[in-house]
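Have a look below at one chain only, the form predicted on its own, in structure tokens format.
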Amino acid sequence: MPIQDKRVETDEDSVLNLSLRPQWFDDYIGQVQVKENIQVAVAAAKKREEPMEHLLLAGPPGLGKTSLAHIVAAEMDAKITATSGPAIDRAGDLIGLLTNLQEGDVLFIDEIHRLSKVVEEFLYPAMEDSEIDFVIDKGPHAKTIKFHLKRFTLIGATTRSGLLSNPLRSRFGMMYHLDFYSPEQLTQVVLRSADILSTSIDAEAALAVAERSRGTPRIANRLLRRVRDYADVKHAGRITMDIVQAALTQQGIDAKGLDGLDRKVLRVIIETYGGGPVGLDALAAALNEERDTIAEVVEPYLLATGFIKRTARGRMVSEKAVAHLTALKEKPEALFEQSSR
């Protein structure tokens, strides 16, 4: 009986697969060097018939850390158990996860920097020696029970690698940082996602979506869905440049990929604090926004584009940002003018 290629989707699989997440290395676009290094590690582990080394992935949200974790599990033909740092409240929760892992399984912990200190310390022997020590009772009756674990691969993802403790970081065999995507790479992401969604889109329109996606595949896919919704309701058929322009202008996405909150942050720094510097707490209070929202969602892209500068005294707005906001105020149609590349 011929063996079915596990990469070939059946019609039922296609219907059920509502996610745009890549399933294999061949589908994964961008992060070329990181992907190649992980591919080598996976191939070497499969050749030796042993689990891959523990892997730490860092970088802003939406760049593909979770996708890479699932791809590693798929390529290793291993089961993946996914959780997050805040979800593991007690050491017992972690012990339950670890003891249920089979040989070669992948444990994926998102936002791993948010693990509590007690839980984190249980990970050390598990990562190094595939065992955990659990203490029961107290005082003179205290006993240590050693749990022997099956060998597994831990993949951790973090948006704030600086908050990861040195003891935990040092136990990862591989550590990689994911960077923002180029417009050309995001164009490939948009075209691939449009194909999965059975949506027809012009190459020029795909590039327009890509240039306004803040260097992030997750945002590119979100904008593509909004453009598709607009096309389905307002028009019929292929997504063109005009449809993309109308849809993203309605969403408030400008030529640099900034949305209303981004522009609000820049304007508050300019108008309230004279261009800065201003501390993060003061900025959050003025905007009535959570501190983490500004630090983890808004700020990374504004820093990457050079619209703000982070100094020892606080955040400052650059002349580039002032010019961009001035152009939008004087010429509202600039909201969707072709961005300079």
Ligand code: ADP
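If you're wondering where the values come from, they're calculated on a predicted model, not measured in any experiment. All residue numbers are counted from 1 along the displayed sequence.
Unshown form predicted together with the named molecule; subsequent notes refer to it.
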Tell me the stretch among 41-49, 274-282, 25-33, 303-311 that has any heavy atom within 4.5 angstroms of the named molecule in the predicted complex.
25-33
Does any heavy atom of residue 21 come within 4.5 Å of a heavy atom of the named molecule in the predicted complex?
yes
With the partner left out of view, is residue 156 within 4.5 angstroms of the named molecule in the predicted complex by any non-hydrogen atom?
no
Is residue 101 close enough to touch the named molecule in the predicted complex, meaning at least one heavy atom pair within 4.5 Å?
no
Does at least one non-hydrogen atom of residue 65 fall within 4.5 angstroms of the named molecule in the predicted complex?
yes
Non-hydrogen atom within 4.5 angstroms of the named molecule in the predicted complex for each of 199, 230 and 243:
no
For a quick check, can you give me the residues of 206-224 that have a heavy atom within 4.5 Å of the named molecule in the predicted complex?
217, 218, 221
